[in-house]
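Have a look below at one chain only, the form predicted alone, in structure tokens format.
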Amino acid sequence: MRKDIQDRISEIKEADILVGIPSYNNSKTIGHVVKAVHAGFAKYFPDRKCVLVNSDGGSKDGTIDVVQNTAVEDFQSILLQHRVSQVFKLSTPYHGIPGKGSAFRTIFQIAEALNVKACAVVDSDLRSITPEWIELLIKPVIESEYDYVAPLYHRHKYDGTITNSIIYPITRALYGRQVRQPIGGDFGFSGRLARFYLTKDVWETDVARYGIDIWMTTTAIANDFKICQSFLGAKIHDPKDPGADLSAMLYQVVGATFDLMETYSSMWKTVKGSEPVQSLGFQYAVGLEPVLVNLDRMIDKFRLGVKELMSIWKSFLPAEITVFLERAQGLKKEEFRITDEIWAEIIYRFALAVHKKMMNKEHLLKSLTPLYIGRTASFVSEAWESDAQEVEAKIENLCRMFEDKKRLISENWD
């Protein structure tokens, strides 16, 4: 750590609560996030010693200045009239591999140095964060001794499809806990768990770049920390770049999930079925921003993938799957479906192919992209007339299929 940060830590000595905000060129949105965190401290933890840490990746747009100059000036505006304790703020560039994981490592280190009891991390581009998020992520740790608080959001039925179709079903089937948003981005955790994270030798790996969310969730579950999830309402943040490479995103998220399977194989092989985790917070309906989809374009991308990548898939997918995919290529839009059973087997077969190093990992996982797009097109068609509750029931059925077919990977792993 830089000397000025070390000096600041020496000045603060110890703290009860720390909230970290990783950032990179988020000057337009981070002010709102800082105000919400500050108001959350004042409203829900007025007698606690609180620290806000901005771990920045070298922003050039004045992000750190916004953090330093933003505060809640009028506490009556958040219905507070009594005096509140001071909030300490630290902004520091992080070191190491560029990425969210390196930013989190700095936050964990400061939490350890201040011996904090409870921590949270929130994204810097959130537009829907409220002071209540701080209560919902921190109080379960302080009052109920939970070590890890995952977020629970309402999302549009076509939003978060990587989570809904791959990460949630496989994480639930592997580790036996129903953590609905394992890569949600906003988490609460105990100081004890922050210290445990720092003992892990992952900070020069892809975890430091982009795998931190699934790594935090899986590490907490696999090492038997006490876990819950808190309902935060809607998650609305800056729209992602529509030109971003979907295959790179899939490679990052799915690759990190598969890497963790290697780390914890002895643990997940013995797990059967899954159980719910405690859900906290009052659940209510929220207005959601629409997600536009182009079904024809998605199916065209699937067809092109079948044409160009079938030779790769045939090296590790069984014949009944490749025959199914070739037939699906010729179906009309109204008939196009990739069933839960086929999809679960495809994901498990990809996991086995990566584990057995059948070809270059990045090349292999990027070939999943047209299959994922095809599965998403199938889901969009099936859920076209479905409400939120019906969509959740479809996702539940998919998760059970992953649990039922888990023996495919358990029996073939070695």
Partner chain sequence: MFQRFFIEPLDRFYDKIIQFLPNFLVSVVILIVGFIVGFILRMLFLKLFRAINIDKFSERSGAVEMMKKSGMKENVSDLLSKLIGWIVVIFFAGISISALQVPTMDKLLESFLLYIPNIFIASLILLIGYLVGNFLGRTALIACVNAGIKISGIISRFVKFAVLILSVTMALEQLGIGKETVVIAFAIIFGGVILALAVAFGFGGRDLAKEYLEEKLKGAEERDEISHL
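Positions refer to the first chain, counted from 1. Since this is a predicted model, take the numbers as computed values, not measurements.
Another form, the form predicted in complex with its partner chain, is not on view; read the next lines as being about it.
Within 4.5 Å of its partner chain in the predicted complex, a heavy atom is found for all three of Met249, Gly305 and Thr376. Contact with its partner chain in the predicted complex, judged as any non-hydrogen atom within 4.5 angstroms, is confined among 155 to 163, 257 to 265, 270 to 278, 126 to 134 to 155 to 163.
Of the heavy atoms in Met298, some are within 4.5 Å of its partner chain in the predicted complex. Its partner chain in the predicted complex comes within 4.5 Å of no heavy atom belonging to Val87. For Lys226, no non-hydrogen atom is located within 4.5 Å of its partner chain in the predicted complex, even though that partner is not displayed. Contact check for Asn294: a heavy atom falls within 4.5 Å of its partner chain in the predicted complex. The partner is absent here; in the predicted complex, the one residue of Lys35, Lys366, Arg48, Lys43 having a heavy atom within 4.5 Å of its partner chain is Lys366. Shown without its partner, this chain lists Ala328, Leu317, Ile97, Val253 as candidates; in the predicted complex, only Val253 has a non-hydrogen atom within 4.5 angstroms of its partner chain. Counting a residue when any of its non-hydrogen atoms is within 4.5 Å of its partner chain in the predicted complex, the hits in 351 to 374 run Lys356, Lys357, Met358, Met359, Asn360, His363, Lys366, Ser367, Thr369, Pro370, Tyr372.
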